[in-house]
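Next up is one chain by itself, shown in C-alpha cells, the form predicted on its own.
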Amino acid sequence: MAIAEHVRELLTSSGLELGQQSDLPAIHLPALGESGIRPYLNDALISDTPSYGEIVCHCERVTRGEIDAAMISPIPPRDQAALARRTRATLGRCQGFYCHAEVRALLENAGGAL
C-alpha cells in the first residue's frame, strides 16, 4: 500500500489528474468449515435451488449449487485448483477419485480453462 501511495504522489506531482477513487465491490467468500449449516442440509435453500441438494463431492459434501455459485462469483475460478480452494471439491479422502470427472465437466461447461 505504501508503494501505491508513493506512486500516486509521484503521478500527482507530475501533473496527472487521477480523478475520484472508486469503491471496490465487496467480495464474500463462503465459510468452508463446519461452523454453520452447510447447503446440503439447508432445506429452504434446496427448495429454492434444487442443485444445492445434489452432492457432487461426497467426501467433502460439496453440492452442484456450491460449484455453480462459485462459477458465477465476482472472481470465478479459472481452473480446478481454484475451484477446490473455494469449495473443497476433490480435496477429500479420495482426493477426487470419484468426483474429479464430474467437477471437471462442470468447470468446462462453465467456460473455465483447465
Partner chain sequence: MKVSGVDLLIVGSGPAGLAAAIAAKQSGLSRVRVIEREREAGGVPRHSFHTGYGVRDLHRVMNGPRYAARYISQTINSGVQISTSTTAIDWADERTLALTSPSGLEEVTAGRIILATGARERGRNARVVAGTRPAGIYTTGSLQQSVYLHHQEIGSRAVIIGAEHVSFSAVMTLAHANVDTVAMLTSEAHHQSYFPLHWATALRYRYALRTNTSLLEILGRDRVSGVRVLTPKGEEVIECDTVVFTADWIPDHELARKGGLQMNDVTKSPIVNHHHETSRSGVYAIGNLLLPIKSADQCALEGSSLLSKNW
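Everything numeric here is computed off the predicted structure, so don't read it as measured data. Positions refer to the first chain, counted from 1.
This protein has a second form, the form predicted in complex with the partner chain, left out of what is shown; the following refers to that one.
Exercise. Do residue 58 and the partner chain come within 4.5 Å of each other in the predicted bound form, heavy atoms counted?
Worked result: Within the cut-off, so yes.
Problem set entry | the partner chain contact in the predicted bound form: residue 46, any heavy atom under 4.5 Å | Contact with the partner chain, yes.
Exercise. Does residue 105 reach the partner chain in the predicted bound form if we count a contact as any heavy atom within 4.5 Å?
Worked result: Yes.
For this session: Using a 4.5 Å heavy atom cut-off, state whether residue 41 contacts the partner chain in the predicted bound form.
Result: Looking in the predicted bound form, residue contacts with the partner chain include residue 41, since a heavy atom lies within 4.5 Å.
Exercise. Which residues from 68 to 106 come close to the partner chain in the predicted bound form, meaning a heavy atom within 4.5 Å?
Worked result: Residues within 4.5 Å: 93, 94, 95, 96, 97, 98, 100, 101, 102, 104, 105.
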